[in-house]
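Just one chain is shown here, as structure tokens, and it is the form predicted on its own.
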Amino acid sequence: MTDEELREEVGAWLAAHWKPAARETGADSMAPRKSAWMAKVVEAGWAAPRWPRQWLGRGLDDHQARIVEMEFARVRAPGSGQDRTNLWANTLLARGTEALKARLIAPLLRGEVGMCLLYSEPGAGSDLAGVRTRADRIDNHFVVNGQKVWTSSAATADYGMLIARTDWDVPKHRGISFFFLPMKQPGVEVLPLRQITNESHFNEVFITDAIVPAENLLGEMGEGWRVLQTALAYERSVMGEAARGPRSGVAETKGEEVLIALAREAGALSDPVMRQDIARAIGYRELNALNTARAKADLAQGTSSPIMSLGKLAMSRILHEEARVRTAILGAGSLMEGPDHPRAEDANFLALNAYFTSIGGGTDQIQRNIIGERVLGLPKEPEIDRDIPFREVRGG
């Protein structure tokens, strides 16, 4: 099929099936409820066009898959491109058992399954290889005990992507396994955490004798670190490409860059220093878009790439810089807060929320380590506990 034939096929399919009203029922492809629109997209193979037909894809190369995504974007229809953006489904396709894939791939693409990440622990944040949550095998299942923290969407999730220690007699990176843990069962307690933005997206999760079937193991026993790198690559890819915007609901000026419009509205656009700051912030974002495209072009299904760390780190810097510029444009007005001052509300929220990107998916410091060691080839930092059995590692 030529590019033009593909474009015509996608366009004709959208013309026949996509109506503006469908946005109300299928706009959120990750929502944990059945969507008639998403079901159509998945059934037609447009949700993950790069994937093989066996797994509801079209077997297209990256170039033609982008054509599909552009046609969907042209009419503002959601659902396509999940073979790049759906963290859960991509990780499952790359590393899951055949039984688990057959059970969950389609519901994940349709947005019918709620998911969360069970990685970080109170004593294992930046060093995820130090996790102490344990999973002990008994017959055809594992019994899980431990604690996780900073878990988004844990209260509504059906499954959590869990890393847990299954072998305490090998070095820390080799004793971890990766699971899809059923969340809605006795022994899984979720407590919300209040954030600096006065929201509660994050949670603590306490796990006591929870059960996970053996078929929910991704990869082999003890290979969880490798599976985790695949999952983190997709997470960093998404975080490096987009970020959460303002929450006030105030419409931004259409057709004009947000910072430019804000400076024009505040009468600050004639300030040469302010213009330079705005240009720098815009330049960061454009450069990051090019780098992200480069990284994704090199990323094969199921692999990880240190280049993704560049995009994730860059997005963190972009968000902090843009929040700083917004605050500078508003001047003393940025000290105001609340719904009566939506511009200041946005500036303050974005400044505080930028720290989420500095922490989630691996801290900025971890990304710098990855870039230094794997991209620039610099010497690794010393790790005195890397090659000793984990049960001999001292805990805080």
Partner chain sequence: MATLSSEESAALRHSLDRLLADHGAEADVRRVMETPSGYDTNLWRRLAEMGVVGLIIDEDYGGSGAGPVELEMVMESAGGALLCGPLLASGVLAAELLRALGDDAARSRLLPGIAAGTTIATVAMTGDHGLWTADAVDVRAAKSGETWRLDSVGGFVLHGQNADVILVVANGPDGLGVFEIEPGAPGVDIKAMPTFDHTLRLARIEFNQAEARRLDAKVPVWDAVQRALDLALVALAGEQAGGARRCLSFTVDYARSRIQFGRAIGSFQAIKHMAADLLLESESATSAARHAADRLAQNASDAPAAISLAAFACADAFTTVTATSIQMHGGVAFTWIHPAHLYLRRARADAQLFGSPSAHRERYLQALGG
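It should be emphasised that the depicted structure is a prediction, and the values quoted were computed from it without experimental measurement. Numbering follows the first chain given and starts at 1. Definition used throughout: the rigid core is the maximal C-alpha set that superposes within 1.5 Å between two forms.
Although not depicted, the form predicted together with the partner chain is the subject of the following passage.
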So which stretch, 346 to 354, 59 to 67, 367 to 375, 42 to 50, is the one near the partner chain in the predicted complex (non-hydrogen atoms, 4.5 Å)?
367 to 375
With a 4.5 Å heavy atom cut-off, would you call residue 286 a contact of the partner chain in the predicted complex?
yes
Using the partner position in the predicted complex, report whether residue 201 sits within 4.5 Å of the partner chain, counting heavy atoms only.
no
Heavy atom to heavy atom, is residue 230 within 4.5 Å of the partner chain in the predicted complex?
no
Hey, in the predicted complex, is residue 278 touching the partner chain, heavy atoms inside 4.5 Å?
yes
The one option of 149, 282, 221, 94 with any heavy atom within 4.5 Å of the partner chain in the predicted complex is 282
None of 155, 170, 310, 258 but one has a heavy atom within 4.5 Å of the partner chain in the predicted complex; the exception is 310
Give a yes or no on whether each residue among 269, 291 and 294 has a heavy atom within 4.5 Å of the partner chain in the predicted complex.
yes
Do any residues of 376 to 395 have a non-hydrogen atom within 4.5 angstroms of the partner chain in the predicted complex? If so, which ones, in sequence order?
376, 377, 378, 379, 380, 381, 382
Once the two forms are fit on the core, has residue 264 moved its CA by at least 2 Å between the shown form and the other one?
yes
Residue 111 C-alpha shift between the shown form and the other one of 2 Å or more, rigid core reference:
no
Per-residue C-alpha change between the shown form and the other one, residue 212, threshold 2 Å, rigid core fit
no
